[in-house]
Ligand SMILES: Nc1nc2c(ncn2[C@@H]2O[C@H](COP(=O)(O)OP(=O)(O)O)[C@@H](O)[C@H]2O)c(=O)[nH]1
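Next up is one chain by itself, shown in structure tokens, the form predicted on its own.
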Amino acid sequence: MTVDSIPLTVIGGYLGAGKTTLLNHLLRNADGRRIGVIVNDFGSLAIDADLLRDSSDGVISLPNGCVCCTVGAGLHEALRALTESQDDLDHIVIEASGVADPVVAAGWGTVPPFEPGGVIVLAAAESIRSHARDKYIGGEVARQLQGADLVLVTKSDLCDPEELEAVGRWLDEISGGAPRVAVTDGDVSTDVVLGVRSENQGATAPTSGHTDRYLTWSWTSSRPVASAALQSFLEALPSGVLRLKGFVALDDGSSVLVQVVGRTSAITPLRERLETDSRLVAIGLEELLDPAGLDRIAPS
């Protein structure tokens, strides 16, 4: 490590594994480190970046794409802007989109003024094996895990001990024996995550056109939404929606964070009323997602 080099850590993992939750925890427990953040929101609305604003001022969003497919342009510009706008950064963390190959983004750690940090891949214990078997997404899930320097096993509370042990053995095999740590709600030592250094010293070639298999749907509204209408919308979501997230202002004066992973949804009250329009973004496979259909059932 040279005097002026900045470690670059990439956080990856499939949609809904808990990447933003982990990153919020790291930023809130930085122990004096100045951490710059680049968030790759897959979709036109920077939902993940907004979720991190309270934790760090040094957040740059790369919406509408995947860092492993913009590695030659948008990501380089974001890294340069971050280092120029934030003095004396100690570390940079990239939150890759759920469909990105984090090893490719980590390749920028070999380019001055950066040095390779670790590739941290999150795996949701209750769903990672079924995702890996899925004919549509299995290859991407496996590729992410195979590039990991550290695997963080999330949502382990949803598995019984026997299942969790089986998941651990499976992860050890597919990741090539990468160290793994079980975490709950992103609670893991910042020293552990930011102390990892990568075995991968260069980027791999991006998979041509893999993000063409995904569609995104975005919705905004300046009108408050009835709680019942929001609930009806979530119950009517088609199976093609892999992930949905966003903020909604309700007609009772409150505002909520909406999160959907597969068939599981959560509505969490926000401490303060939303000052912008309500907005949601959904991600799904092209073969299964009909954006026009989502328009028809959107809350109003």
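Residue numbers run from 1 along the displayed sequence. Please read all numbers here as calculations on a predicted model, not as lab measurements.
Just so it is clear, the following notes concern the form predicted in complex with this ligand, a form of the same protein that is not shown.
Judged by heavy atoms within 4.5 Å of this ligand in the predicted complex, the contact stretch among the candidates 225-233, 129-137, 76-84, 149-157 is 149-157. At least one heavy atom of residue 16 is located within 4.5 Å of this ligand in the predicted complex. Although the partner is absent from this view, residue 34 stays clear of this ligand in the predicted complex, with no non-hydrogen atom inside 4.5 angstroms. Contact check for residue 165: every heavy atom lies farther than 4.5 Å from this ligand in the predicted complex. This ligand in the predicted complex comes within 4.5 Å of a heavy atom belonging to residue 261. The contact residue chosen from 191, 90, 172, 185 relative to this ligand in the predicted complex is 185, the criterion being a non-hydrogen atom within 4.5 angstroms. Contact residues in stretch 218-249 (any heavy atom within 4.5 Å of this ligand, taken in the predicted complex) are limited to 243.
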